[in-house]
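Only one chain is included here, represented as structure tokens and corresponding to the form predicted alone.
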């Protein structure tokens, strides 16, 4: 698997995202820039320039029309994917740490940080898709402050107005955004901060990664932990392969401790685990620092990882990958 190395960022990566078709890959980083790439050959399509701080998070809608990004400059921005133009900017008292589109592309949920006397907040904005997109409501449709541990990641579930969140204490919870009520929680989902959350294609289950060195599969409806993948390194990201029973995990020691360890000890590898049997089945090396984010192609043909080293690596799977028999001789019909 020869990776395509994408060199478009000067600082560490924070999040990667494929669009629905998988032909575009979006990356954001601490260098204030969002990039768009062609995923098949790694050619850069363009940049989204305008943030004045670390861009922590991004998401693209299902039609690849709008892109949203959240940054440490306390803004949430809406961009036109095709032109790179910033269409609208929402301003907040603190940094935006996570954004996510709803299934129907009509809403965006964002988490702002708890800092300087401001409580952490979850806001849901209605997105006006008419015209060029520059006419957006400035006020959130819903807003609430989660009580207790602050939220770090969030996403819409398959139930309207219900979002799932991951928290600093390690809990995962379901919130009704219309009332701000916590519908359900699992306080012991993780022992440390939840660093990433990605939902399955049908949103019936999701995977979380944590600094407690584990990644876990959860049932979206009950928040029950279905599977646990235990590693020996803090995890920053976890992704699900849409067609094969694999999960991809990435992490590594904190950047400040890296100088004292060799590459091998730093564990800067993408790990492949079997989703059902909870066994590690392979590793892919390459990064010179912790892996901060992993995204899997929606068609299951490749994956991308972004590291502390500022590089994005796109790996297209070899033919042998599709011929492997993850369940032995049992054939699963899609």
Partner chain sequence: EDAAEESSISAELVGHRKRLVDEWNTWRARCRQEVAEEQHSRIRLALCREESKEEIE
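Note that the structure is predicted; figures quoted are calculated from it, not measured. Residue numbers count along the first chain shown, from 1.
Below: the form predicted in complex with its partner chain, not depicted.
Segments offered: 113-121, 203-211, 173-181, 78-86. Contacting its partner chain in the model of the complex at heavy atom distances within 4.5 Å is 203-211.
Using a 4.5 angstroms heavy atom cutoff to its partner chain in the model of the complex, none of 45, 285 and 321 count as contacting. Of the residues given (154, 199, 217, 189), 217 alone sits with a heavy atom within 4.5 Å of its partner chain in the model of the complex. Checking 297, 275, 30, 51 against its partner chain in the model of the complex, a heavy atom within 4.5 Å turns up for just one residue: 275.
Looking at residue 5, you'd find every heavy atom of it more than 4.5 angstroms from its partner chain in the model of the complex. In the model of the complex, none of the heavy atoms of residue 136 sits within 4.5 Å of a heavy atom of its partner chain. Put simply, residue 129 is far from its partner chain in the model of the complex: not one heavy atom of it is within 4.5 Å. Within 4.5 Å of some heavy atom of its partner chain in the model of the complex lies at least one heavy atom of residue 159.
In the model of the complex, its partner chain lies within 4.5 angstroms of a heavy atom of only one residue of 296-329, namely 327.
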